[in-house]
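Quick setup: the structure tokens below cover two forms of a single protein chain, split into structure 1 and structure 2.
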Structure 1
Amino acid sequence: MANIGIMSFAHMHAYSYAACLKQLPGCELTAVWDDNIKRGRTAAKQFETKFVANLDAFLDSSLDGVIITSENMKHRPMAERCAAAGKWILCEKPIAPSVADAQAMVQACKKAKVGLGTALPCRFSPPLMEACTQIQTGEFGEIVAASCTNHGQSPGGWFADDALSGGGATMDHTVHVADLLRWILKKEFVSVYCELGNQLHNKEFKTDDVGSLQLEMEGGVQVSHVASWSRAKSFPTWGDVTIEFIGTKGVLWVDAFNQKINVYNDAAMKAEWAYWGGNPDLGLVADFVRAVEERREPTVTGLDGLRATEVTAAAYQAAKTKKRVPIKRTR
């Protein structure tokens, strides 16, 4: 039985991961810690577990692994505390806003000999897994270009506050696609150009809310990506993850969450899409639990998180300098 704790419910994904832990066999949501005591207590009550206000007590407890779902800027100090306490870690994406922080986290976990995973659940999405399989068979030839989107509704709050998030929509919504392309194509990113905007929410945010990226991967693969918080409040769902792969022998289009029924509910006065596809979060959390039990690295590693952060960090640099920026791989 793996004992898993959750650090912080600042990120809404914490609620989904907690529900997964409750649902999965062979693990338990053993304790919750949060620097926002009220939020932590409420969440602990909701998921019928204990709230531990003292961080040392939380980390001294019988926990085997910890899921960190705090604000992006707090990931590093929290991960370092967990690593020092010998806990396996699953860290919400982006692993950290800066390359230096992401590197420090990877190194701290390596030193402490604990597993570090990055919460990039798209690798557990059935349509994306199928796309990966089909492309890796080579039936579509060599992939020479791809155009991607990761749109969302505005999460607001700390997400739009640079001091806590380290960046806006482009920080939030580039890492999934960057990781998917690295995973599926088995290639690294080499450069990025980016235009950033803060113009979809009447400039209320202290961050960007849309980014248009042009990326290059090893072997000259041309990639475009749109990261945004552009979905209107009246839009029927939260957003999307889409990729169009252009291969020498064909084209593959994947709209990962386009498994829905249209619902027209007079009480809501807007059309809604009820999703009926698989739950990628469940695959992600199940993999983490197994990694904890088997004392191995989670499938999507801290290094994968670092690679994705290298892409976003370079994109912000490109937007600032209005130049294409090389993406350097660190260790």
Structure 2
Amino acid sequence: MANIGIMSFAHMHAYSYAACLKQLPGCELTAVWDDNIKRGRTAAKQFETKFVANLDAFLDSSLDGVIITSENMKHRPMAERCAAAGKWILCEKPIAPSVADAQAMVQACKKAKVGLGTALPCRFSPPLMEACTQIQTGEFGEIVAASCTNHGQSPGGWFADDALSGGGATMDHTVHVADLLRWILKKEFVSVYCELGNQLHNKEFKTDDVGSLQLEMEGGVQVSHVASWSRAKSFPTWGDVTIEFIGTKGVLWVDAFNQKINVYNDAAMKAEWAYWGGNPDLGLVADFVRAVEERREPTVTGLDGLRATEVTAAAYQAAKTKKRVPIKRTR
């Protein structure tokens, strides 16, 4: 039995991960800690587990692993505390807003000999898994370019405050695509040019809500990507992840969340999407639980999270300087 704790319900994904833990055999959501006591107690009650207000007591308990779903700027200190306590870690994406913080987290876990995973669940999306298989077996020849999107609804709250988020939609929605392309194409990013802005939520946001990126990968692969918080509140779901791969033998278009049925709900007075396909969050959490049990690195590692952060950090530098910026890989 793997005993898993959740640190903070600041990020909305915490609720999905908690629900996944409750579904999985051989593991238990053992405890919740949150620096917002009211929020933490409410979440613990919802998921029928205990709330521990004292962080030392939380980390001194019989936890085998911890899922960190706090505000982005708090990831590093929380991960370092967990690593020092010998806990396996799954950290919400972006693993950290800055390369220095992400690198420090990877090193802390390496020193403590604990596993560190990054919550990038799109790798567990069945359409993307199938696309990965077809591309890696050569069905579409050599991939020379890709066109990507990751749009979402405005999360508001701390996401709109740079002091807590460290960046806006460009960071929040580029890490998914950067990780997917590295995983599928087995290539690293070389450079990026980026234009971004606060164009949709001027009065309420202190971060960017849209970004347009032009990237290059090893071997000259050209990538365009648009990230945004642009979906209306009435949109059937939070957003999308789409990638069009252009190869020498054909073109493959993937919509990661298109395993759905259109539902016209008169009670809600809106259209909704009912999903019939796989649950990427469940795949991510199940892999983390197995990693805890097997004492191995999760499939999407802390280093993968660091690589995605390197891309977004360079994108923000490019937007600031109005120049294409090389993407440097750290260790």
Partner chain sequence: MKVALIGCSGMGNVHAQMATNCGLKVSVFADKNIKIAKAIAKQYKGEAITDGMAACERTDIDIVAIATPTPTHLMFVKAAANAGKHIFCEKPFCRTASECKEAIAAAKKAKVKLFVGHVVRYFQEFEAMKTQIAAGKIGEPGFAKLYRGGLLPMGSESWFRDFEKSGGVTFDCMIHDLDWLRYVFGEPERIFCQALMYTKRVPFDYSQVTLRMKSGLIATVIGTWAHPHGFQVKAEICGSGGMIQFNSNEAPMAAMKREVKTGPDWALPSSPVDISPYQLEWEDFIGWIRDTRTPRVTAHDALRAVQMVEAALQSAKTGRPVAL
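Computed from a predicted model, the values in this text were never measured in an experiment. When a residue number appears, read it as a position in the sequence of structure 1, where counting begins at 1. Each form is matched to the other, and the largest set of C-alpha atoms that superpose within 1.5 Å is called the rigid core.
Each structure shows the same chain on its own, and structure 1 is the form predicted in complex with its partner chain. Annotation: Cα of residue 137 displaced by less than 2 Å between the two structures, core superposition.
Comparing the forms between the two structures on their rigid core, the Cα displacement of residue 203 reaches 2 Å or more.
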